[in-house]
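To begin, one chain is listed below as structure tokens, in the form predicted on its own.
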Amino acid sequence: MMAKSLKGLRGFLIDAPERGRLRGVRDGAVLIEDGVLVAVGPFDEVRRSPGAEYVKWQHSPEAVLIPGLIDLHAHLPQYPVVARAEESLLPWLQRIALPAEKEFNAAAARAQAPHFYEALARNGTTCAMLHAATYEQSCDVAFEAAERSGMRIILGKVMMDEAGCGGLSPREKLPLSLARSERLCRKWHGCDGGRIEYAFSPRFAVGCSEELLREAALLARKFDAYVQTSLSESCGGTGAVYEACGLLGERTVLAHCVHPDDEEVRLLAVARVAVAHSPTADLFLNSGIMPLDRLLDAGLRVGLASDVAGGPELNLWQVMRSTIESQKARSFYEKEVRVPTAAEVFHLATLGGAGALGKGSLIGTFDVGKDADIVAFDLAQALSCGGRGNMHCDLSPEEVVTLLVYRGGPAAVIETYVRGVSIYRAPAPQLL
């Protein structure tokens, strides 16, 4: 009976238990029981674990196995309008993003959400924190699709009750926003053993009354749910508003944080909030470059985010690459800027994101007792000349991760697992 519950994956294991330090096992393996890692190490050792003699091992020494990637901030309704450029954030919101959200009714959610979750898994993302639109019904449909997808999803209905933001009209009245959000939270928060969770989601300070911000914070504390919103995307100065409204805390994830002043950084550090860094979006919308080293030095938990559709794609390897290159650009005109390595940004996309969500003890590395959220990669897809036959035998973990940061993407994903269950498998090559 025990043997039937075991699953084994074999490959080059690479994770990042600390920022800047990789851990690699060249011909490694993980043994999974009921979705949890029960043995990790060299294949020749793991295959001798109790019951493993009956396991049919999946993948091979040629595969690269990493912890699932974690996307801390994206907008599900905006996915159909990725890569639609504007000169800056507010015109883009008015012309592209908000019209897409306006169309995100229940029928649209039913059509779009399954494809969105599949696209996440196809890119090697196993956990994502997402905004829906302001509509309760379409958010409910998106939760239903998340439940079926097998993804680890944190989702919330956008809350927005103020005019402003370049003339945008209020989207809903305060009592309705609060009641709809609470109903969704009661229904979905903690479903499937915590795989599905709720995030109260005020869009940003300029689109929300202070009363809405205060009430959202109270609801999040009442249900031990998350809060997600944006800070200092195109200018600084709203951190004090969030603090006054009680919105800052350990379960709060703030997107962007491109232009925080010293006082905001201090407030965020004291409140122990987490930050979602989305460099592809910040560059695409000309918002600026986050002072990543300042936030890390302040002790903030930082992970990475695609911020689709501000960001033009769901590929977190490109977000990692942009993290390096944007900080490198800062270093050209700011003295003493630390440019992160490929190992450091890989940490941000795995254990860093898990820590930002308070899930560092659950996911993010290959440690016994953690959930088996894993992605198998075909490194040949990242090599310039392709090739087979233990192709990474001479490559260090740092070299493999660097290849994936600069050349990785959905074409290299073989299979994606959440809790040991396959949620995406690449199609077999078509023979001509």
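Residue positions are given as counts along the sequence shown, with the first one as 1. These numbers come from a predicted model, not from an experiment.
A second form of this protein, the form predicted together with a small molecule, is not displayed here; the remarks below concern that form.
- Taking H256, H347, K157, R152 one by one, only a single residue has any non-hydrogen atom within 4.5 Å of the small molecule in the predicted bound form, and it is H256.
- Note on the partner interface in the predicted bound form: the residue among L285, A146, V227, A121 having a heavy atom within 4.5 angstroms of the small molecule is L285.
- Only one segment in the set 189 to 197, 135 to 143, 87 to 95, 213 to 221 has residues whose heavy atoms sit within 4.5 Å of the small molecule in the predicted bound form; it is 87 to 95.
- Within this chain, F204 lines the site of the small molecule in the predicted bound form, having a heavy atom no more than 4.5 Å away.
- None of the heavy atoms of D161 is located within 4.5 Å of the small molecule in the predicted bound form.
- For the chain shown alone, E233 is a contact residue for the small molecule in the predicted bound form, at least one non-hydrogen atom being within 4.5 angstroms.
- Heavy atoms of D71 never reach within 4.5 Å of the small molecule in the predicted bound form, leaving it off the interface.
- The candidate site formed by H75, E101 and D307 is fully in contact with the small molecule in the predicted bound form, as each residue has a non-hydrogen atom within 4.5 angstroms of it.
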